[in-house]
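Next comes just one chain, in structure tokens: the form predicted alone.
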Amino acid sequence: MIFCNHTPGEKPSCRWRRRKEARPEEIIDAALALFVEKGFSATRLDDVAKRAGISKGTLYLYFDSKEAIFRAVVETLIGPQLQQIEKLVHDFEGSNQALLRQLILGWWRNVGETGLSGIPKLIVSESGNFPELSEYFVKHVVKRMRKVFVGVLERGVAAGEFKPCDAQVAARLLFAPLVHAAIWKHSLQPWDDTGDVPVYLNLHLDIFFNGISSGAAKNE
């Protein structure tokens, strides 16, 4: 932030002053950007503080480690997305096929097209060095998301909309292209841009539903 002190008729004298405080959200946003750009191992708390425009001491008022910041990323940025998904599933009145299509495309729109899309690659690449972060992410994001998909698939089977299947396996298959697209985006896409992700996801869904549909309901 720039402050200028001068009296009328004098040339303004401006200097930079470091902000004394920052909201935790600003620290979380700065950390997420650095985690995606540099990786978890290479990101230092000094880097996060600098990106957020605060001192390292101020950062420690809110977070005592990079791991704590990562957990805050999950809780404050991904958690609300999962809550919206669970509410949508609870309130949805259309077919289960239409619901699953909305969930897949909505996840890419709200997560895949944001900085959060870098987290799958981060987790995969850093899982050996930081197993506790991987365990945390699987418990609070992967399993929670899978539970939603399994529930919708089981509901569709019970309604006669889908063929009987192993819903756990089907849920992994259904969600896999989202993970692939996110990892590709933050790794090989600069050298091999495979095109529009929603087009890719819609084709995947067409193939998936063609295989799992009982024929009792038309695509919506």
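Heads up: residue numbers just count along the shown sequence, starting at 1. Here the structure is a predicted model, which is why all the values come from computation and not from measurement. Rigid core here is just the name for the largest C-alpha set that superposes within 1.5 Å across the two forms.
As for the form predicted in complex with another copy of the chain, it is not shown, yet the points below apply to it.
Remark: of stretches 109-117, 142-150, 83-91, 67-75, the one touching another copy of the chain in the model of the complex is 142-150 (heavy atom within 4.5 Å). Taking non-hydrogen atoms only, residue 104 never approaches another copy of the chain to within 4.5 angstroms in the model of the complex. When contacts are judged by a 4.5 Å heavy atom cut-off, residue 163 counts as touching another copy of the chain in the model of the complex.
Within this chain, residue 46 is remote from the site of another copy of the chain in the model of the complex, having no heavy atom within 4.5 Å.
By the criterion of a heavy atom within 4.5 Å, residue 95 is excluded from the residues contacting another copy of the chain in the model of the complex. Using a 4.5 Å cut-off on any heavy atom, the residues of 164-194 that reach another copy of the chain in the model of the complex are, in sequence order, 166, 169, 170, 172, 173, 176, 177, 179, 180, 183, 184, 186, 187, 188, 191, 192, 194. Relative to the superposed core, residue 41 undergoes a C-alpha shift of no less than 2 Å between the shown form and the other one. Annotation: Cα of residue 162 displaced by less than 2 Å between the shown form and the other one, core superposition.
Note on residue 74 and residue 128: their C-alpha atoms are nearer in the model of the complex, a change of at least 3 Å from this conformation.
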